[in-house]
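One chain comes next, on its own, written out as structure tokens in the form predicted on its own.
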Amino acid sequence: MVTCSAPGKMILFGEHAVVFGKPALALAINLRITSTVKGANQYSVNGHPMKKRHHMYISAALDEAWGGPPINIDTSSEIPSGSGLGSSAAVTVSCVGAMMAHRGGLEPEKIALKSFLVENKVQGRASPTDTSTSTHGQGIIVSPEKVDNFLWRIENGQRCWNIHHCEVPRLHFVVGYTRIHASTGPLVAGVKRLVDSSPEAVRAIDRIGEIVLEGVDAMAHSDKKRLGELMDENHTLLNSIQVGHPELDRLVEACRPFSYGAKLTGAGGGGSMIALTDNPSAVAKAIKETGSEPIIVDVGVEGVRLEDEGTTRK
């Protein structure tokens, strides 16, 4: 029996644009998914027979990383499903990590590659941002070029991404979870259709890519004011490519009086927004007063890891 856990993530800058070869900046958060792999008489999840339509990511992870005798996979999650906080990446990475550790050891680069292939298969079109963040932890920069603090390179057809480590200063974020679920695949496909037909959408994607690089510089200087300005601009651009939601806008506006900046995070269409603040309790209160769920998170946490059965959170 092997138990492995992986963190969720929040994308600070670059969601959607990264699919088009632009850079992205993502941070690992202290909400994790844990997966335990053990021998069984049939393939099962949490003691129930595996069904591909209900366990798409786990089933694809088995195809990519296992190929052995039947196993049962027990999962335990701290990440709300559909929240935009990387639940699919975390369950994929923790499952792939547990399967690989069961047969050898943890090799982060291989886990990141196999986990990306799983998400790409399930979603139809994906970037390795979420899965690489969940694998490496801390912070990552995804870019088309290889620069300092390089970790690994992931290729898929003609597309390629270079993954880099990013130092994360002490920052305080609050997540506002709308409880509105939106599937990533259709949102990504919708953005592609828009980019294919609209010069304004192309310009928005290009500007988001520029914001990422400006955000990396601001983070390196711990410039919270500039980070907040860039978050506000990024949110407006994401609305312009039609991945926003009125509830996300309502949360962003509620948080801004107590924040440096706020924006949706992840695929959009619901899910979550994030606010950068020095007063997490005031932001959490503002989010709660809108009827949504506030989650105060730590960022820059450890990536995929083996767990002691006795210390694994259930």
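From 1 onward, residues are counted along the sequence shown. Values in this document were obtained by computation on a predicted structure and should not be read as measured data.
The following text describes the form predicted together with (R)-mevalonate, which does not appear among the structures shown.
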To test your reading of this chain, name the stretch in 95-103, 201-209, 168-176, 129-137 whose heavy atoms come within 4.5 Å of (R)-mevalonate in the predicted complex. 129-137
I'd like to check something about Val188: if you look in the predicted complex, is any of its heavy atoms closer than or equal to 4.5 Å to a heavy atom of (R)-mevalonate? yes
Determine whether any heavy atom of Ala267 comes within 4.5 Å of a heavy atom of (R)-mevalonate in the predicted complex, and answer yes or no. yes
Using a 4.5 Å heavy atom cut-off, state whether Gln123 contacts (R)-mevalonate in the predicted complex. yes
Proximity of Ile11 to (R)-mevalonate in the predicted complex, heavy atoms at 4.5 Å: yes
Across 7-44, which residues bring a heavy atom to within 4.5 Å of (R)-mevalonate in the predicted complex? Lys9, Ile11, Glu15, His16, Val18, Val19
